[in-house]
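The chain below stands alone and is given in structure tokens; this is the form predicted on its own.
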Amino acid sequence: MIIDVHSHPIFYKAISNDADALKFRKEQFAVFKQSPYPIETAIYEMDYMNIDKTVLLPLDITTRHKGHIVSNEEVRQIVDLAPDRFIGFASVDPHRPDGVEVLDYAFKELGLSGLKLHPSKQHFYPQDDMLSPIYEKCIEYNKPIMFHAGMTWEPDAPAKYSQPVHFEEVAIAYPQLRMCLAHFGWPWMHETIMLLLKYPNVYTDTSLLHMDNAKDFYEQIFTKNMGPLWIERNLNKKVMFGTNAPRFRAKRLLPALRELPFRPSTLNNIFAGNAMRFIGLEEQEGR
């Protein structure tokens, strides 16, 4: 099984009928040279790469930019078109006065499976007290959080908010809250590794913003900047497969990962096992 834990459905045709909304997404996400495509195309690509499930991530930026890159309701709409293939996460702007109510609705009524937060784009530090009710709501529903961590190409998104060390106080205060620091927190990947080693509730994913081809970049990061056995010996239960689609695609990332000197058991954890635990699919399937 393969689960892509990090995908943005900004060009899915089912939610791209409004030209102004599509223009807003392109500008805020900083991807311009793509056009809407039908859900069948996305599923065909998943089938071609043997990806069983994809996590869809929205983003609520209503207080600063007066809109959503993708809304919770739009994610639910896509999931309903292929519920066996898509896992929908929610998003809430932490600055919203009704943020906790929005999140409760997303979990209880929309049935979404986790929360996406983007400290850089939403302009907050993860340890800010205003996040406490949101973290507690995730714990109440046993839902994980996918945090953007590290740099982003998106406009108006200072990297200072997403430096991995800022997440440590959250990991300490909420040990039962599963959180993923996406993109390995690059370029602060060693801070991410420190948190992965120290805290059982912290995960990361492989959706690094690579500067050259995926094979060379993964080899540099995972065998040179990191010790060649760090993932095998210390992090094999903490790293999940994620693409950051549509910015990067599985057809390049999966072959690059398979060429690294990982044992089959480690690849199985990266491709699905760790995501099963992070999302809570193991508990759901055990019912």
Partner chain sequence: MIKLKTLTISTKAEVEMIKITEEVRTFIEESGVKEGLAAVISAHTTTGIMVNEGLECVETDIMETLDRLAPKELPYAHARFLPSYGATGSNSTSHLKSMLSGNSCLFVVQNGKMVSGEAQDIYLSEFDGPKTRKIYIQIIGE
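Residue numbers count along the first chain shown, from 1. Model, not experiment: these values are computed from the prediction.
Missing here is the form predicted together with its partner chain; even so, the following discussion is about that form.
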Q. Is Lys237 one of the residues lying within 4.5 Å of its partner chain in the predicted bound form, judged by heavy atom distances?
A. no
Q | 4.5 Å heavy atom contact, His166 and its partner chain in the predicted bound form | A | no
Q.
Considering non-hydrogen atoms and a 4.5 Å limit, does its partner chain approach Gly227 in the predicted bound form?
A. no
Q.
Under a 4.5 Å heavy atom criterion, is Lys251 part of the interface with its partner chain in the predicted bound form?
A. yes
Q: Tell me, please, which stretch of 229 to 237, 66 to 74, 33 to 41, 53 to 61 lies within 4.5 angstroms of its partner chain in the predicted bound form when heavy atoms are compared?
A: 33 to 41
Q: Quick one: from Glu109, Asp212, Glu140, Asp84, grab the residue that has a heavy atom within 4.5 Å of its partner chain in the predicted bound form.
A: Asp212
Q.
Contact check in the predicted bound form: Tyr105, Pro144 and Tyr199 versus its partner chain, with a cutoff of 4.5 Å between any heavy atoms. Do all three pass?
A. no
